[in-house]
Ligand SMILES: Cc1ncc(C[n+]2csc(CCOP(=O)(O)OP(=O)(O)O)c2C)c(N)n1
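Presented below, as structure tokens, is a lone chain in the form predicted alone.
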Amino acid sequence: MNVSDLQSHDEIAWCPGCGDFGILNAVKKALVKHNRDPKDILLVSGIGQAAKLPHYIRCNCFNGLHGRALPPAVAAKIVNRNLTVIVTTGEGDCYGEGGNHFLHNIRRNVDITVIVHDNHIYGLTKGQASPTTDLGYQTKIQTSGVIVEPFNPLEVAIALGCGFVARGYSADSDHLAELILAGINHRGFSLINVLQPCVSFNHKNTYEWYSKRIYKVDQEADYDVSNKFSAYHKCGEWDDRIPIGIIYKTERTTYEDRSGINEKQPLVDEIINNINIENILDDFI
């Protein structure tokens, strides 16, 4: 498979310079290396600028409600374990409206990959603070500056036992593609939080700002991705130095293995006999 096999004809509706373009390119590069037929790939999203990404790749696509990308993604993987299931979502969609699903699906550990476009702002709804907006940042709504501590998704994921926790940067699509591919190949819930500049509404976390601070953890010879305590400490780095790469990785029993689903025929392959439902509502009257 090559990139042309994934080409969509939908017009891209992002601002020029948006970090989402880099994420789109990285997803395509990862899927080419993953080398599966588009019919065996499912992209799931909720609502937001990030949620538009599945429209721009030719494969199966499901758009859900705001904050509700994870439930249909998990359901699809459970009934058809042969699918490669990828969620593409924003930090507001996933950590704000969808925060409850985020927490509990890490606990379940279903074998899906979650890519979060984290621009530290609500881009679709024109610039109010999101769960990850830096303390003190002024927006049209938070005119005196954000007074709520930012949510750190990587720390939360590690604390909950997520088996694959990574951070990427949209301006480095080759490195991000490798992270996405590694997440797909990992068995279990994989989180890839992607730093993505919003050129329209976030004037702090710019490409220039990130370029002065980002470094790759895989270039540190002594960094151990299996050390949970070191990984948790690494996730807390911000402002002066920002690590990207695989922050934490370990093997966990998946929901599919623990529940016994993998020992059964996939539900999508089950033969459903015709059932007469003409009088079925009578039982509820």
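Just so it is clear, the model here is predicted, and its values are computed rather than measured. Each residue number is its position in the shown sequence, starting from 1.
Beyond what is shown, the protein has a form predicted together with this ligand; the following relates to that form.
S.K.: Which residue among Asp172, Asp111, Glu97, Glu178 has a heavy atom within 4.5 angstroms of this ligand in the predicted complex?
M.R.: By the 4.5 Å criterion, the partner-contacting residue is Glu97.
S.K.: Please identify the residue among Ala75, Ala159, Leu124, Val199 with any heavy atom within 4.5 Å of this ligand in the predicted complex.
M.R.: Of Ala75, Ala159, Leu124, Val199, the residue with a heavy atom within 4.5 Å of this ligand in the predicted complex is Leu124.
S.K.: Have a look at 85-93, 207-215, 98-106, 138-146 and name the one stretch with heavy atoms inside 4.5 Å of this ligand in the predicted complex.
M.R.: Going by heavy atoms within 4.5 Å, the stretch is 85-93.
S.K.: Can you tell me whether His66 touches this ligand? I mean in the predicted complex, with a 4.5 angstroms heavy atom cut-off.
M.R.: The answer is yes: His66 has a heavy atom within 4.5 Å of this ligand.
S.K.: In the predicted complex, does Gly48 come within 4.5 Å of this ligand, counting heavy atoms only?
M.R.: Contact check for Gly48: yes, within 4.5 Å of this ligand in the predicted complex.
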